[in-house]
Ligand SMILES: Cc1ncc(COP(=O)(O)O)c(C=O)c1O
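Shown here is one chain on its own, the form predicted alone, set out as C-alpha cells.
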C-alpha cells in the first residue's frame, strides 16, 4: 500500500477549509470560544478538534477515511487488521482479554504485567496462571520469564485459552517471540502481546522483532510512547483467523468512548506514515545515539549504563537498546532522589526511577542535545554525591511477588476490611498497589500480604516515589474473609471462586 497517504488527516484538513458553521459538539465550535488553554496551544488545535461530522467517518463504525487509515496501519505493522485506540493501550489490553478469555477460563501470563491487565482480569472474570519473571538482583527489576516456565505452565494448565507476553518489558527485556507463538498455537492457545513499549519494533533489523512478525494473534501497541503519536493514541493489531473481527469489535464497543478525539486519530494517521517512510533510518540513528550515551555515562564515576550486552549476559533472549537503563553505584543518593534532582536542578526528565536505577526512553524525538544535557548533569551530580567506598543495602526481597489464593474479580467484589499495613500479614488484598510509573502492581486483588511485600511498600513510601494505593495513611484494603464466607452461599454468582 502507498504509505505516503494520510487519508484521515487529509479529510480533517479539508473539513477545516470548508468554512463550516458548527452547531454540533464540542461546544467551543471549532475554536470560537476563548480560554487560557486555547491561547496557550493555539487556535488551530481547537479548530481541528471536531467530533464526527460527515466526511470524517466514525471510529466505532469505520467505512471511509478511517477505514482506509486502518488498512494502511495494518499494512505498516504486518497485521491483517488494525483498530485505533484513543483510550490508550490500556483499552486495547482490556479488549484483547475480554475478547478471548471468559469468566473461569485461564490465561497464562507473566506476573510483572501492567495494571491494565489486572483490570482486564477483574472485568472478564478470568483466572490468571502467573509465570514468574526472571529477577535481576543487581538492579532489582523484573525481566522476562523463561520459555521453560511457559512450557511448564502449559503442561499444568492445558485448558488455558491464551498466553500473554510483554514485548518488551519496561526496561527493555525481550523474549523469544517466535518460540512462544509456536508453543501457544501448538497447544491450541492464543498468543497475545502487550507492546505498550514496542511501537518501534519491526522497523529495523537492529532491534528485536514485533509480535505480528512472530505470528501472534493480537497485540496492543502504544503509538504515543515511541512512534510519535499524541498521548493516549494507540492501536490494536490482529493477525490470522483465530480471533474474529467481531470478537474484537464487540469488546471495543464496551471500552471505547463514543466521542473519540479526531486530533488523536489524525496523530495516529500521521505517525504511521512517518514510521513507514522514515522509521528505519530514524531508529538506526537513535540506536547510535544510545550507544554514544552509554559510552559517555560509563566514564562517569557513580553510574553504569546497561544495555544489550548486560541483559543478554544475564540470560535475557534479546534486548531493546532504545531503553537507557542507568544503574547507580557508590552514590549517597538513591534512584528516586536522583530522578528528582535531575528534574529540579537540571531540567532533565527521566521516565522512572527504582532504588538503584533510573530509566530513560529513547524514541524518534530524542536529540543529541538531550543526551548531552543528561550526561553533563550526571557528571555534575557525580562530583557532589559519589563516594568510592559507598555501598548500597541490597534488599533482595524473599519473593518479588506474593501468592495468589483468590480470583481477582472475586477479591475485588468481596466485602472490605480496612486494616493498617502492618496488620495485613496473611490477609487477602482487595486493591492493586503499585509504583507509578511503571504501573506494575506489587500486589493485586486476590494475593496475600506477606512480610516481604509489606516491607517493600513501606520502603517505597519512605522515598519520593509515587505509590498508588487506596489510602495515603498506610491503610490497605483487604478481604473481610468471615463476611465473605457468610455471604458466599447467598450470592454464589458474586463470590464464586
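Since we're looking at a predicted model, the values are computed, not measured. Residue numbers count along the first chain shown, from 1.
Although not depicted, the form predicted together with this ligand is the subject of the following passage.
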Quiz item: Might residue 89 be said to contact this ligand in the model of the complex, defining contact as any heavy atom within 4.5 Å?
Solution: yes
Quiz prompt | Interface membership of residue 197, this ligand in the model of the complex, 4.5 Å heavy atom rule | solution = yes
Quiz item: Do residue 31 and this ligand come within 4.5 Å of each other in the model of the complex, heavy atoms counted?
Solution: no
Exercise. Mark residue 471 yes when one of its heavy atoms lies within 4.5 Å of a heavy atom of this ligand in the model of the complex, and no otherwise.
Key: no
Quiz item: Exactly one of 338, 192, 108, 93 has a non-hydrogen atom within 4.5 Å of this ligand in the model of the complex; which residue is it?
Solution: 93
Quiz prompt | Partner-contacting position among 294, 282, 225, 146 - heavy atom within 4.5 Å of this ligand in the model of the complex | solution = 225
Self-check item: Proximity to this ligand in the model of the complex (heavy atom, within 4.5 Å), stretch among 114-122, 329-337, 70-78, 301-309
Solution: 114-122
Quiz item: What residues in 234-253 sit within 4.5 Å of this ligand in the model of the complex, counting heavy atoms only?
Solution: 234
